[in-house]
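For reference, the chain that follows is the form predicted alone, supplied as structure tokens.
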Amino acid sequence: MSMAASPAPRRLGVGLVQMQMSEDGAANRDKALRMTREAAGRGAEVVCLPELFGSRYFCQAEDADCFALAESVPGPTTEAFAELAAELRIAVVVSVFERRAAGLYHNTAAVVDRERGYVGKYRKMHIPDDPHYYEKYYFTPGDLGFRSFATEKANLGVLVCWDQWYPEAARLTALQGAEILFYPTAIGWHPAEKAGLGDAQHEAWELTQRAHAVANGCFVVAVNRTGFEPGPPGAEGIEFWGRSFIAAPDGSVLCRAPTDSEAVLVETLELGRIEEQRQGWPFLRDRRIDAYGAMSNRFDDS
């Protein structure tokens, strides 16, 4: 009796582009294209860029002039990256400030894939409103739900920054078949808090995402910006802490970028680890889907 041949190992080169942004939007886009090309040259087949890389992080203040930064999706930025993706035969996760209609804007991540071009988009579901992170002024919460995108090489789950604190978002994306959860990110320290709270804030950020990798048995890729960006007059600004990283399905960190400099990281992921991890730790098998109805309540105070 002949034995069936084992499937060939599935490997995927994933690139992280950790950038520092300037006030020049065209220069930011050119840099992002150049660093994406560098990642592809080093073996990346999927590349992820930071959140809102087209500009400095404008959400430090409520300023109506900043709405001029928004564009359609698909639009100029996705078209530029679709052209590059077709040339290099890669997929790219592209973060864009989306103008949907007059007065209606989203924080959006689009996926372009090789010759297929624009595949689709995810609109950030969880919108923060914290000091220097006044995103509710700019962004309408997403209405496309949680999504996994089937690209030629892998199923990519795409979420954005503040979404990374929510296990529900990671779970619902993984349940759609996402093998990798990508989180384009813009997170950093308020300078006055760094000495006392900085390490704890960073550790919590990384820890919660590594936990998503373990709980869902998948890879997690977080791509942050780096460098200090001044706030409006009288404000202290934000020091973005970089440290973009990839976590494996067991929660181990496969690579991590530095804190205070730009970086292009490329890591080869063994996608077969997903099934191995889920066989050993069968969290999806043992879920009590009959008992989770209260998860849709704001708070279960019955």
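Counting begins at 1, following the sequence as shown. It should be emphasised that the depicted structure is a prediction, and the values quoted were computed from it without experimental measurement.
Beyond what is shown, the protein has a form predicted in complex with another copy of the chain; the following relates to that form.
Enquirer: Is there any non-hydrogen atom of Glu23 lying within 4.5 Å of another copy of the chain in the predicted complex?
Expert: Glu23: no, not in contact with another copy of the chain in the predicted complex.
Enquirer: May I ask you to state whether Lys136 is within 4.5 Å of another copy of the chain in the predicted complex, using heavy atom distances?
Expert: Heavy-atom contact with another copy of the chain at 4.5 Å: present for Lys136.
Enquirer: Report whether the minimum heavy atom distance between Met125 and another copy of the chain in the predicted complex is within 4.5 Å.
Expert: The answer is yes: Met125 has a heavy atom within 4.5 Å of another copy of the chain.
Enquirer: Taking another copy of the chain as it sits in the predicted complex, is Glu115 in contact with it (heavy atom to heavy atom, 4.5 Å or less)?
Expert: Although another copy of the chain is absent here, Glu115 would stay clear of it in the predicted complex, with no heavy atoms inside 4.5 Å.
Enquirer: In the predicted complex, which of 97-105, 224-232, 83-91, 138-146 comes within 4.5 Å of another copy of the chain (heavy atoms)?
Expert: Result for this chain: 138-146.
Enquirer: Which of the residues spanning 170-194 lie within 4.5 Å of another copy of the chain in the predicted complex, based on heavy atoms?
Expert: Counting only heavy atoms within 4.5 Å of another copy of the chain in the predicted complex, the contacting residues of 170-194 are Arg171, Leu172, Ala174, Leu175, Gln176, Gly177.
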